[in-house]
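One chain comes next, on its own, written as structure tokens: the form predicted alone.
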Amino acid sequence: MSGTEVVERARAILGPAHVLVGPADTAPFLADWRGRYRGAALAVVRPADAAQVAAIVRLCAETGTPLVPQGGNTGVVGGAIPDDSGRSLVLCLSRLTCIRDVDPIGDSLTVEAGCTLAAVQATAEEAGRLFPMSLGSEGSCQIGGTIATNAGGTAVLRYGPMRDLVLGLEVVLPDGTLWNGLRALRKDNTGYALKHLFIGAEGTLGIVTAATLKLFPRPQSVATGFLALPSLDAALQVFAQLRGALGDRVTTAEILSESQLASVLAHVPGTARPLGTLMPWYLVVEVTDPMQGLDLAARLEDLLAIGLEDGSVADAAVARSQAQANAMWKLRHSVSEANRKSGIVVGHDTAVPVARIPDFVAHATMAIERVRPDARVVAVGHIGDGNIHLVAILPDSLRTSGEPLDRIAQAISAAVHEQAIALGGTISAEHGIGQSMRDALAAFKGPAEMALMQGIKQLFDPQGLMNPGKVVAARH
């Protein structure tokens, strides 16, 4: 069947208004937000519900048409961008925005995949509950995408990644079958936990159309602190002291290098240093509790006073208002914007055992500088779970120098990944694999593990039509 016929059949399913073919209409869906990945498509299709998603998938299965699911298109590994063949349909899930059920007694929320993370957070708040996933892109990223990539964010330390926040899923399988696994059960021991195959699979095994999510009590007592630290070893010492004294009340612990903070201050309006002391490292800490009336700010100050006395903390401030806390968090959430404005970004999503963070940052920084002495290295990440984003920022002048940027980025990333693996770490902690990490994944996993993953892909998607070119390839 020709591409024109596929488009006409899609129009019959969805209506002409929701099948986009013109260059101006499709352009926003064919490139990632950083402009690093670009592709082409027969059309962009926008189904209104799970039944229409299933109908489109059946059409693709029948006609052999590749299908690329897309949520908010906020990813950084090219996982939602088609290739340049122009044979694919891009399936945009932004119209699936129904809140299907809110259960504050059972602490669950069932939403469709196109709901933004911010909308889910607001719905939980209206019910007197908390959905704890928090990302810098939460105003535009969609729940389906956070599930497809097993997103992490700043609250993993206490609540875990998306995999730990999903109770059940509704998924359209590659043959168009709609699997309803929207169970709100905390305990279900009836065979294989199929939902976990789709969480983190990036749409290569099926398309998530709805999810039942875990909710939690809303924090009633909150304290936010910004710490200046002489070293990463000191950061780990302070983190251990806080966790030892406060336990799971330590909800987030986000590390920033001075080079990263300087980039934010230089490129993001409305930001300012919370402290007058300049140090190599800074830590944003948030402490929460569902009980009212706890003076967590005072408790946090007492603990930080110990660090100030023993030298592990050079300076610290505890927010006295929500505005002050928001200003501290703006520094953390603005790093992507700042880095993009600083030069050519070569980012990484590595994680290592928490105790090995100082070794990793030191060794990987030297490895980057050996590859590119002109690189400026910045670091930001989640110190509590070992996920450190080491970013090499190259001069903008390289864009017109004639040097092969892709080859430079590959060399830098290979050097960083080598250091992470040597310390027992991983090359992807929360961003996914997409197209940018597929070759690196094969080297990281090894033949036996890749064969298992390819077998799963073959079982679910024997035609290889679901988000082709991402994560693993189907065997033909």
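This structure is a prediction, so every number in the text was calculated from the model and none was measured. For every residue, the number given is its place in the sequence shown, counted from 1.
The same protein also has a form predicted together with a further copy of the same chain, omitted here; what follows describes it.
Contact with a further copy of the same chain in the predicted complex, judged as any non-hydrogen atom within 4.5 angstroms, is confined among 421-429, 38-46, 407-415, 51-59 to 421-429. a further copy of the same chain is not drawn, but in the predicted complex it has no heavy atom within 4.5 Å of A12.
Shown alone here, H348 lies farther than 4.5 Å from a further copy of the same chain in the predicted complex, counting heavy atoms only.
At the 4.5 Å threshold, heavy atoms of L93 stay clear of a further copy of the same chain in the predicted complex, well away from it. Using a 4.5 Å cutoff between non-hydrogen atoms, G191 counts as a contact of a further copy of the same chain in the predicted complex.
Taking L205, A316, A338, A375 one by one, only a single residue has any non-hydrogen atom within 4.5 Å of a further copy of the same chain in the predicted complex, and it is L205. For the options A119, M279, V354, V371, the one in contact with a further copy of the same chain in the predicted complex, meaning a heavy atom within 4.5 Å, is V354. Using a 4.5 angstroms heavy atom cutoff to a further copy of the same chain in the predicted complex, none of F131, G136 and A223 count as contacting. Contacts to a further copy of the same chain in the predicted complex (heavy atom within 4.5 Å) from stretch 434-472: L441, F444, K445, A448, E449, L452, M453, G455, I456, K457, L459, F460, V471, V472.
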